[in-house]
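Listed next as structure tokens is one chain, alone, in the form predicted alone.
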Amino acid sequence: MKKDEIYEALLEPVAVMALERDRAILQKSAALLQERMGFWWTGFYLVEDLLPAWGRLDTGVSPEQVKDEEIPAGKGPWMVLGPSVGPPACERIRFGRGVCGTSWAEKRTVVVPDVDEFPGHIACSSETRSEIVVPVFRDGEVAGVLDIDSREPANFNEVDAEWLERIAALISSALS
């Protein structure tokens, strides 16, 4: 089965899960993508200030410690690890840092064929060779990102970006 056919087959189960309008869609979607696509690591990082009370972590950073020009108004400086499948991962990622923080800051999908070539890449696992990060929006703002890692170089392309953006849009509808 071709990559786009596998993604297309994923749309229906994700759309059904989105009808539940529940945070559980994050874990279920990560597990489904991991199982069907065979990725190395699949998970979500969630913007801390947009998390409901059940999801907040104390970062130990006060607003005075963060430079205003680095953080958009109303945003905290961190994304925190949400549901994920695969080996252990980084717990927090700062706004604008690494692939996930860049996707958050630029509000766009970031495809990285070789993580060693990405300036400021955060190496949570030395086995990761390529990565794709897709923003998940809520009310027009990035609420988190879908982060997927591969042990294969150049494993992601525009096909992955297109289908993962569609999946992220379904997930966004469940979080709104």
Ligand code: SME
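Residue numbers run from 1 along the displayed sequence. What you are looking at is a predicted structure, and each value in this text was computed from that prediction instead of being measured.
The protein also exists as the form predicted in complex with the named molecule; that form is not presented, and the subsequent description refers to it.
Student: Check, residue by residue, if I6, L33 and D160 all come within 4.5 Å of the named molecule in the predicted bound form, counting heavy atoms only.
Tutor: No, none of the three is in contact.
Student: Though the named molecule is not shown, can you say which of V111, L26, C124, M37 has a heavy atom within 4.5 Å of it in the predicted bound form?
Tutor: Filtering the options by heavy-atom distance leaves C124.
Student: For A105, is any heavy atom within 4.5 Å of the named molecule in the predicted bound form, or not?
Tutor: Taking the distances in the predicted bound form, the answer for A105 is no, it never comes within 4.5 Å of the named molecule.
Student: Verify the contact flag for V80: yes if a non-hydrogen atom of it lies within 4.5 Å of a non-hydrogen atom of the named molecule in the predicted bound form, no if not.
Tutor: V80: no contact with the named molecule in the predicted bound form.
Student: Could you run down 126-140 and flag each residue that has a heavy atom within 4.5 Å of the named molecule in the predicted bound form?
Tutor: Contacts from 126-140: just E131.
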